[in-house]
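Only one chain is included here, represented as structure tokens and corresponding to the form predicted on its own.
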């Protein structure tokens, strides 16, 4: 399929919406009618042609608009992209991973030619034609991590592995769900996950860290995470809470289908070859509740999940104040019929 890139906004007038194609491939995060925070890791292998799991880095109709939004965030706050000095090699590893993956998975959109360390990268959608010397920062307009993540949907946390732990020592973070790279930079795995309720006492993060420390090169992993967002905001950072936090008060039963969004993160994990760092891409997908309920199974299931969600999780995920209204609206689309297992539409 030829991707039709959309011209849309994730701020101000909020023109974002999903086509029917994008709705049908949306990574709905609930495989059953209830939810409890879990590791839910699986191999990041190509799965279900046309889905967000088909390729290593998904490119969809929102690509160009998301890249414009990232550039705007960085212009306003350059600290959303940081890399400690010892992480430069990991940045080159990431650049190689993304360029090779995109040129192989989307040859009609991206091209990479390599002659020893003389590389030629072509990004057709963004109109980029760049010749550079691999491992020579002076030949690129930005550092290697920033250069390639300005062209790739999703956030990227680049984690150094040492002392039997992972340390967030680099990242491009402009589409996060209420956490700050500038605050977390240099923290270890347990420190940056400290705010998550219940998971610590359940031992989830101890198991997750053990799994991640053993991710091997060429054997990436993935999981889904989710929250709720009023308006299709990519940038829900603590730095800008004063701008987006107040929007939660605007939600009504009447504007619910257009304003309330399910926000899903496809989180993947790749071991990088030269640096031995672990890169943690966090790809954000947004869907209006009015689009969710066009898939009857999803409408029923989302109502049941949010209705029965422990209060601590609803608070952590930031929609506790609007939860009664959301559940009331979704109840209109739950006829009590059983739902089939798995995340995909029937």
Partner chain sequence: MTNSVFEPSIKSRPVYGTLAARPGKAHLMIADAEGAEAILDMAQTAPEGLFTKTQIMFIPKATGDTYVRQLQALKPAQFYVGPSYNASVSRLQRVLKDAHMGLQIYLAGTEGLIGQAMFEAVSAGIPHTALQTEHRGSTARRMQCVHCKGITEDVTTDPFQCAHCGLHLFVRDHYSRRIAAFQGVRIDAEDPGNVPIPVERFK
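Positions refer to the first chain, counted from 1. None of the values given here were measured: they were computed from a predicted structure.
The discussion below concerns the form predicted together with its partner chain, not included here.
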Exercise. Any chance 40, 42 and 266 all have a heavy atom within 4.5 Å of its partner chain in the predicted complex?
Worked result: no
Exercise. Taking 4.5 angstroms as the cut-off for heavy atoms, does residue 257 touch its partner chain in the predicted complex?
Worked result: no
Exercise. Though only this chain appears here, would residue 96 touch its partner chain in the predicted complex if you measure heavy atom gaps against 4.5 Å?
Worked result: no
For this session: Spell out, yes or no, whether the shortest heavy atom distance between residue 71 and its partner chain in the predicted complex is within 4.5 Å.
Result: no
For this session: Could you confirm whether residue 147 comes within 4.5 Å of its partner chain in the predicted complex, counting heavy atoms only?
Result: no
Problem set entry | Position in contact with its partner chain when the complex is considered in the predicted complex, options 238, 125, 78, 273, heavy atoms within 4.5 Å | 238
Seminar exercise, completed: From 213, 187, 100, 253: within 4.5 Å of its partner chain in the predicted complex by heavy atoms is 187
Problem set entry | in the predicted complex, segment of 100-108, 227-235, 139-147, 245-253 with a heavy atom within 4.5 Å of its partner chain | 245-253
For this session: Just give me the residues of 133-170, first to last, that have a heavy atom within 4.5 Å of its partner chain in the predicted complex.
Result: 167
